[in-house]
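What follows is one chain in structure tokens, specifically the form predicted on its own.
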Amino acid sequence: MSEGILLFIEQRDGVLNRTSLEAMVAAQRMAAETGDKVSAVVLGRDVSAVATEVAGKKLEAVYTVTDDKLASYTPDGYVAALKQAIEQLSPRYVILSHTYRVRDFAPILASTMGKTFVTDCLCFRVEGGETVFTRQIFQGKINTDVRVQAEAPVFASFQAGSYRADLAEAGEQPAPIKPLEVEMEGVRLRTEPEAAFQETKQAVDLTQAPLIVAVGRGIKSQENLSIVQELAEAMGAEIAASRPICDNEWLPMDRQIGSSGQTVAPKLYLAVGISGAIQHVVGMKNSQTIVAINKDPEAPIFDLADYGIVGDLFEIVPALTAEVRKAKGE
């Protein structure tokens, strides 16, 4: 059995991670250029709902790997199960989304198999039958091309927001769902997941948010956050921040966007009082629409923004909030 491109589908408690659909777009477009077929693999104890959801996309097959030892994520369990799945399917490429979970287990998996792993890719192209991956270095300042001359499979993960999840192609008919048998009896799980911190349970996963209002140092003080929070509430958006806001503990660290925070790609990213330092930009530059509000017309954020408003955020934000509420009939 040989599968050209094998896509790893990430799920948590039976809920599909949206970034897996972004990676699916990359895999489907790669297949269109290389002539390979795309199949998907999903791990867990009961993954029937996720497998059915994914099977509606343009895939050759959806492989399920189920075992009690995969009920909760552990790197040992995922490495053991995926290694066996890859050995059975013999793909040329293994495509993943560059999530925290993938960062944890995929380097171990690739190393264990003696294979090459190209991480955090932005895109790819095919030249003379060779797949060339593009990734960033020096905190997003430089794009570099990576050509792999190694035996298959080649592992590659794609940065969140590199492709739009809604562009994943649907299949003409559902892909077959095929269980894979793996031997987990002798696998020792050296880590045991603990219950999530209460704060984490209450927090939102910003990577899944369609609308984000992000605030930066232009807000001046913690007391002024309320005007931005009111706008986010009126819009039905999640609030996020640049690093200085979180470093000052004005908002929790899980709200931070950037190279040391979360990478997001919402439909709308509204940057309020954010200058646009490269460390922040790498975390939100792939947003579908970027709107910036800043009093400095030379702020770097305007080079990236689709729409820019130069002015005092303390006047502009309340006016926007009022207009949003008016439009909603509130």
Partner chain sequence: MNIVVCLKQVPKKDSILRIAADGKWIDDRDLSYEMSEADAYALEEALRQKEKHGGEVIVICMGPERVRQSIKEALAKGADRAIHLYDEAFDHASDAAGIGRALAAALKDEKFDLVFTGLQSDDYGFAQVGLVIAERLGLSSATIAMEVQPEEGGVRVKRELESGWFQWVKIPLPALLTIQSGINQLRYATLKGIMAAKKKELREVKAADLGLTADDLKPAQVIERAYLPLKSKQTEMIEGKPAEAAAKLVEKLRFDARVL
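What we label the rigid core is the largest C-alpha set whose atoms superpose within 1.5 Å from one form to the other. Residue numbers count along the first chain shown, from 1. Quick caveat, the model's predicted, so the values are computed rather than measured.
This protein has a second form, the form predicted in complex with its partner chain, left out of what is shown; the following refers to that one.
J.: Tell me which of 23 to 31, 295 to 303, 39 to 47, 52 to 60 has residues with heavy atoms within 4.5 angstroms of its partner chain in the predicted complex?
T.: Heavy-atom contact with the partner occurs in 295 to 303.
J.: If the cut-off is 4.5 angstroms on heavy atoms, which of these, E185, E249, E172, E223, is the one near its partner chain in the predicted complex?
T.: Only one option qualifies, and that one is E249.
J.: Counting non-hydrogen atoms within 4.5 angstroms of its partner chain in the predicted complex, say which of A152, I137, L167, A71 makes the cut.
T.: For this set of options, the contacting one is I137.
J.: Mind checking whether each of F117, V146 and E315 has a heavy atom within 4.5 Å of its partner chain in the predicted complex?
T.: The answer is yes: all three residues contact the partner (heavy atom, 4.5 Å cut-off).
J.: Taking heavy atoms only, is D104 within 4.5 angstroms of its partner chain in the predicted complex?
T.: D104 belongs to the contact set for its partner chain.
J.: Examine S111 and determine whether its closest non-hydrogen atom to its partner chain in the predicted complex is within 4.5 angstroms.
T.: Within the cut-off, so yes.
J.: V132 near its partner chain in the predicted complex, any heavy atom under 4.5 Å?
T.: The answer is yes: V132 has a heavy atom within 4.5 Å of its partner chain.
J.: How about T207: is it within 4.5 Å of its partner chain in the predicted complex, going by heavy atoms?
T.: Residue-level check for T207: no, no contact with its partner chain.
J.: So which bits of 262 to 279 sit within 4.5 Å of its partner chain in the predicted complex, heavy atoms only?
T.: Result: K267, L268, Q279.
J.: Honestly, after the rigid core fit, is K220 moving at least 2 Å at Cα between the shown form and the other one?
T.: Yes, because once the rigid core is superposed, the C-alpha of K220 moves 2 Å or more between the shown form and the other one.
J.: C-alpha of A319: shift of 2 angstroms or more between the shown form and the other one, rigid core aligned?
T.: Passes the 2 Å threshold, so yes.
J.: Checking T99 here: with the core superposed, does its CA move 2 Å or more between the shown form and the other one?
T.: Result for T99: no, shift under 2 Å.
J.: If the CA atoms of S20 and T263 move by 3 Å or more in the predicted complex, do they move toward each other or away, so closer or farther than here?
T.: Note: Cα gap between S20 and T263 widens in the predicted complex.
J.: Relative to what we see here, could you say if Q159 and I301 have their Cα atoms closer or farther apart in the predicted complex, with a change of 3 Å or more?
T.: Pair moves closer in the predicted complex.
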